[in-house]
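The chain below stands alone, shown as structure tokens; this is the form predicted alone.
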Amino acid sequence: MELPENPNKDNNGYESAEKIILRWDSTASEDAREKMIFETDRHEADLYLQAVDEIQRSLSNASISAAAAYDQSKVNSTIQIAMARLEDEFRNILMTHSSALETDSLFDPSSSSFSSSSHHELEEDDTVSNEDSSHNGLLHFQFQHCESSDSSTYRSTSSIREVDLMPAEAISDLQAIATRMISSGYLRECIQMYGSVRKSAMDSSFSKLGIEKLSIGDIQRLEWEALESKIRRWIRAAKVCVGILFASEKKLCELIFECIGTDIDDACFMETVKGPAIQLFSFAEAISISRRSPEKLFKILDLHDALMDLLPDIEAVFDSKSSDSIRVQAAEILSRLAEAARGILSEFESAILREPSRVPVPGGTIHPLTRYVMNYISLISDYKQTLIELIMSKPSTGSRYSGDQSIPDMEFAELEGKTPLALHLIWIIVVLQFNLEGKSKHYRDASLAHLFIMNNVHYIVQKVKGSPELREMIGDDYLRKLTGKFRQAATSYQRATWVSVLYCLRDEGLHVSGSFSSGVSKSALRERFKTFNAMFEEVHRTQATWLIPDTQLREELRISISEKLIPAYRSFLGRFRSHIESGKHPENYIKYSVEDLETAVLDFFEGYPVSHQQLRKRSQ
């Protein structure tokens, strides 16, 4: 037979507990206001927690038995005093251990502040692995009543590295306090307080990482140069935020709250990081919906690649139902960045086609548009892997059957097997050439128009050859087609310039019909030499100011000119010199030796003027 419980025993326990609670009532004692229980000694903290447990038991008993020896309202008052004190203690412990992380060390994967390393890093440095393993024990200290949760499996993600945000003793105290607050119905207060303090620490870490609180409007109003530097900083910081700050915060919430109740750890985690996470991703979102322009493509691709790399970590860290919005936001931003990249490429193609400049570049040199476009698509080829995945459709081109003269034609049958990205790059080159052909028509001199096309198409060829990635995508077949085009332009230049000059060195029209003396008309011969001299001097004067920037191409064209001009002049001079020298003032007609012409050709395409007097002086 069981003996009845002694009511005095419970009464004594409550009274002892009440004394401890009231002793630390900050509203009644100045000493209690100035001191924190968990900063005095462990014994006092343990006594206070035991007193709270006793008061909670008394409250439970009072609610069951109206005949209890003590008044329920008194117990309620005592528990409220205890909860107010525990709130202060909870906040104080959090604030004491909630400082911003030293972000500089977080950028260094070998830093000892990491509590885990990726598999790749473990292979590289076993020493770091061993140090981290022992350090990791602080983070994973054991509660006797708490089993590890399956939610911790995200730590196998290679780029997630947790750091110890608080010492084990502080975590143990926070869990002990939170357990009692929540069991007394103070769950909301506990979550809000935790989130408020930890979010402040998160904000400080964000500030150190250079992540500013900017609205989407603020970001879109920034000049692009300023925005570029912010994008670089964001990419670097976002990896730390997701893989270290958010992941470590999630682990801290698990250690404090996971064993107290269902989903409390996740509620505290989201209370802490939802605002910072939205702030972090709002930057990328603002970029994804900003006004499109060609110079933005590569930073948008950088952002896309960074976010794509982060996506597995985002899905791992924000793996609960309550964090769906974060995962969805990240996925939507990634999609918008991809769409922005596709749109910019399409608009870039249209911009090349419409580029309106009509003033010919002096000397037929390389047009700024050609340099810009080719440097641009060389950079595009550096992003080949990303763009091959993003560019899935062929470019919108003209057709030789369409009859539309405002857009060039491009037949895909000739480019079978090319990726959509490669077709877009070829199309950009086609559109560029089409625009250049239009610009060449603004030159009054047909020879200069041909030289302009030769220079620019040659530059295109050299840029393709200089980029292995670009050359692979363009293909050698199309490269040979381009090479043939600039060689054809060089041939057309020579015909336009030198056919008429060399025509002066023909024999036709010099022989006197029926003459049995010399058979040569000296007057016709003198006129022929004068015409040649005048034409050559004009070509020399004009084309010395034209420019071929590529040294090898310039030399090749000079050699080609000399191979036609010099033998023809040498032969003509050899046949008819004596007829001129036997007459009066031969120097007025034979003004240049073969060597003079050879030297004069070296003046061509240097881009600066050479006067007729200089040529004449050099001959003399």
Partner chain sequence: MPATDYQASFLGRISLRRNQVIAMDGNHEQEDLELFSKHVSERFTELLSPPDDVVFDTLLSISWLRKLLDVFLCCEAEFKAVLMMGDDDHPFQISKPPLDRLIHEFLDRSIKALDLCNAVTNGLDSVRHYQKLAEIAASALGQKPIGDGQARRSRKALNSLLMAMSVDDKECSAVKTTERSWSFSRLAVNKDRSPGHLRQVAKKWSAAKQIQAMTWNLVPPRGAEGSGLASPVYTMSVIMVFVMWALAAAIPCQERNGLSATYFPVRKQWSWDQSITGLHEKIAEEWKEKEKKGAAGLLSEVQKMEKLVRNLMEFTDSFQFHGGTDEKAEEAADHAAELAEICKRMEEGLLPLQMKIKEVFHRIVRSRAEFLQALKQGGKSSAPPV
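Think of the rigid core as the biggest set of C-alphas that the two forms share within 1.5 Å after superposition. Every value quoted in this text rests on a predicted model; they were computed, and no experiment measured them. Numbering follows the first chain given and starts at 1.
Below, we turn to the form predicted in complex with its partner chain, even though it does not appear here.
*Asks:* For the interface check, one of 78-86, 229-237, 305-313, 534-542 should have non-hydrogen atoms within 4.5 Å of its partner chain in the predicted bound form; which one?
*Replies:* This holds for exactly one stretch, 78-86.
*Asks:* If you check in the predicted bound form, is T27 within 4.5 Å of its partner chain, heavy atoms only?
*Replies:* Flag for T27 set to yes.
*Asks:* Would R577 sit within 4.5 Å of its partner chain in the predicted bound form, counting heavy atoms only?
*Replies:* No - in the predicted bound form, heavy atoms of R577 and its partner chain never come within 4.5 Å of each other.
*Asks:* Decide whether K418 counts as a contact residue for its partner chain in the predicted bound form under a heavy atom distance cut-off of 4.5 Å.
*Replies:* K418 lies outside the contact set for its partner chain.
*Asks:* At the 4.5 Å heavy atom threshold, is E189 in contact with its partner chain in the predicted bound form?
*Replies:* Close contact exists here: in the predicted bound form, E189 approaches its partner chain to within 4.5 Å, heavy atoms only.
*Asks:* Which pick from G275, P167, G519, G210 sits with a heavy atom within 4.5 Å of its partner chain in the predicted bound form?
*Replies:* Contact with its partner chain in the predicted bound form is made by G275 alone.
*Asks:* Which listed residue (E347, E414, D409, E472) meets the criterion of a heavy atom within 4.5 Å of its partner chain in the predicted bound form?
*Replies:* Residue within 4.5 Å of the partner: E347.
*Asks:* Looking in the predicted bound form, is its partner chain within 4.5 angstroms of a heavy atom from every one of R292, R336 and E339?
*Replies:* Contact check passed for all of R292, R336 and E339.
*Asks:* Can you list, in sequence order, the residues from 213-250 that come within 4.5 Å of its partner chain in the predicted bound form, counting heavy atoms only?
*Replies:* Stretch hits, in order: K213, L214, S215, I216, G217, D218, Q220.
*Asks:* Once you line up the core, how about I453: does its CA shift reach 2 Å between this form and the one not shown?
*Replies:* Moves: no, less than 2 Å.
*Asks:* State yes or no: after fitting on the rigid core, is the Cα displacement of V594 between this form and the one not shown at least 2 Å?
*Replies:* Not so; V594 is displaced by less than 2 Å.
*Asks:* Is A32 one of the residues whose Cα moves 2 Å or more between this form and the one not shown, with the core superposed?
*Replies:* It does shift by 2 Å or more.
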